[in-house]
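One chain comes next, on its own, written as structure tokens: the form predicted alone.
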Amino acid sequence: MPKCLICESSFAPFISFGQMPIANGFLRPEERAEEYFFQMEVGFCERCGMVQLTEQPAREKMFHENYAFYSSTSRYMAQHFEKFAKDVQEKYTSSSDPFVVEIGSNDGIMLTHFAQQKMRHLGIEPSKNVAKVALEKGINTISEFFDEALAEKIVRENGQADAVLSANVMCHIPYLHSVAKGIKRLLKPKGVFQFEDPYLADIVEKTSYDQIYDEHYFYFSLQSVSHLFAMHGLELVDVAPQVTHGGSMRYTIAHQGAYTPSPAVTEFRAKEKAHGLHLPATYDRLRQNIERSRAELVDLLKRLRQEGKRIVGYGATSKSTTITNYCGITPDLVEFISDTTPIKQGKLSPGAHIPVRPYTEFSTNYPDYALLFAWNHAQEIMAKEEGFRLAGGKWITYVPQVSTFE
């Protein structure tokens, strides 16, 4: 049995998704024979409450010079990170010479708001192509993986930080103890670490199993986050739910005793207990719901294709890799995936090998149905795609249940 990476207890997987490729591993046709796969299983540790993969590909296979995700491609996410940055500036950067560090800073979408205020900042982004974009914007960025050793180096060169930030990154990192030690070293006595990631309660409630893929090693709750950081003299002092990525939670961590925990911490602890996030039976039900969702989606796609309908995927997301491979969705069901990211266009989707084509191929020849892989951006997409609706196009979604809508 695998051992929990937080508390080292043995735990059993509650679901296997089978052989999975790298979620962002969009590939050229000639690269198919060399494609990498791993066994993707998920388990729940009863002792510390952490939900986690049983294995993860080497980090260099996931984050590298050809990484295919740029945060700034979403207007909504740009607005979200601007608001995040302003909140940090108002609450935590009142010292005479504030210093802010972001772990997994991507293309500088959040740190640009600190740079504009002439505030000392440092972005840590291991994917060199994405870090290069940030540097070109004037964002101080280093292309390394964050851990305790790097934190020591940052403190020697820059001093301690008022705020350490991270968005949709912590769940990617299997060696969280080294990260927690690094954060403790990096924070000033009243400094805070704020991070947000997909929230386990939302995944369970919505059966949003496409949040599970190679980059997401952990699926956090207040219980598991508190357990982890308490092991390093750090304390969960605030939480704030976010709508991003289909349901996320922002956690605020500080040195033990530095702040009085907010009422929100008590409130969400009680909600997690009421929803049974501490019980193995909850994850058995999640497995059953995932299997039911898969069957319903495949049945719908096959029926529509038998009726002669054209189906095109919308958004070549990381999450779509889990859906297409677990459900066995190949080009005979979905003609192609429309995406606006140039680095993905002209390639094949990981594992399922569905062609990824420019958005113009969607907009100039609307299909009958669009399978909404980017469902977490539905509001932004619906506002943009009025033409598709007026042309009689319909959407297919699978979160929180499989359905079609105009």
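For every residue, the number given is its place in the sequence shown, counted from 1. Source: prediction; values computed, not measured.
Same protein, other form: the form predicted together with a small molecule, not shown, and the subject of what follows.
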Self-check item: Answer range among 90-98, 250-258, 325-333, 311-319 for contact with the small molecule, defined in the predicted complex as heavy atoms within 4.5 Å
Solution: 311-319
Exercise. Indicate whether E380 is a 4.5 Å heavy atom neighbour of the small molecule in the predicted complex.
Key: yes
Quiz item: Does the small molecule get within 4.5 angstroms of any non-hydrogen atom of K344 in the predicted complex?
Solution: yes
Exercise. State yes or no: in the predicted complex, is some non-hydrogen atom of H245 no more than 4.5 angstroms from a non-hydrogen atom of the small molecule?
Key: yes
Practice problem: Verify the contact flag for T340: yes if a non-hydrogen atom of it lies within 4.5 Å of a non-hydrogen atom of the small molecule in the predicted complex, no if not. | Solution: yes
Quiz item: Since exactly one of A374, L27, A352, V42 fits, which has a heavy atom within 4.5 Å of the small molecule in the predicted complex?
Solution: A374
